[in-house]
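One chain follows as structure tokens, the form predicted alone.
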Amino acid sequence: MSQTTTLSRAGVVSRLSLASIALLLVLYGTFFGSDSDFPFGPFRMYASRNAPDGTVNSLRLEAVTTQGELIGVSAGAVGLRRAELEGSLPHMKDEPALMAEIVERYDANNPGKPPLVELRVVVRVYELAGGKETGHWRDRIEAVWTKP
């Protein structure tokens, strides 16, 4: 037995309106959005590819401890996923003070380790030739937070 449900005029109008708004947001995000606009942005890591003779960027965190040691900080050490860090890069570049929260998370998650006095977002740019690594790369510091 099947039952057929008929939507009221208000139900049809509300569903079509919501679908239209979602479609407009997706179209806007596709042409003008960035990864930060997910789920309406393009999420470029899956929607694009690098040129075979271009470059590939790899983001990482580096920190200086109170003992002056330079260490690598993984996204997991601060309770984030790598994609979350990459998506936050524009915000960290615009306002490095936001990185203080990452330092607080690191200190909370690593109580036995020396506290951090500086945190850097570093992008390593790998050069490609014919779609393969050339072995050449350069580091670019995108954002720096220093303990006040």
Partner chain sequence: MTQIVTTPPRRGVARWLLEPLPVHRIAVMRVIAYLFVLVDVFLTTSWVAQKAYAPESLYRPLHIAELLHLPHPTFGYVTTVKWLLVALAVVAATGWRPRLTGSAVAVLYLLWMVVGMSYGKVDHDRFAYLVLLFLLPTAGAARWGERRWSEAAGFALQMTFVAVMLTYFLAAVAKVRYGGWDWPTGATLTRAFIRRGTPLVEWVLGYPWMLVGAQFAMIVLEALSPLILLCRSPRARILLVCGLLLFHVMVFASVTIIFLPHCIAILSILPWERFSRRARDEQPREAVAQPA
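Just so it is clear, the structure is predicted and the values come from calculations on it, not from any experiment. Residue numbers count along the first chain shown, from 1. Take the two forms, find the largest set of C-alpha atoms that superpose within 1.5 Å, and that set is the rigid core.
Here the subject shifts to the form predicted in complex with its partner chain, a form of this protein not shown in this document.
Undergrad: Closest heavy atom of residue 133 to its partner chain in the model of the complex, within 4.5 Å or not?
TA: Flag for residue 133 set to yes.
Undergrad: Are any of the heavy atoms in residue 107 no more than 4.5 Å from a heavy atom of its partner chain in the model of the complex?
TA: So residue 107 does not count as contacting its partner chain.
Undergrad: Just checking whether residue 113 would be counted as a contact of its partner chain in the model of the complex - the rule being heavy atoms within 4.5 angstroms.
TA: No - in the model of the complex, heavy atoms of residue 113 and its partner chain never come within 4.5 Å of each other.
Undergrad: Please check if residue 122 has a heavy atom lying within 4.5 Å of any heavy atom of its partner chain in the model of the complex.
TA: No, residue 122 is distant from the partner.
Undergrad: Tell me whether residue 7 is among the residues that move between this form and the one not shown (Cα shift of 2 angstroms or more, core superposed).
TA: Yes, the C-alpha position differs by at least 2 Å between this form and the one not shown.
Undergrad: Would residue 22 count as moving between this form and the one not shown, using a Cα shift of 2 angstroms or more after superposing the core as the test?
TA: Shift of 2 Å or more: yes.
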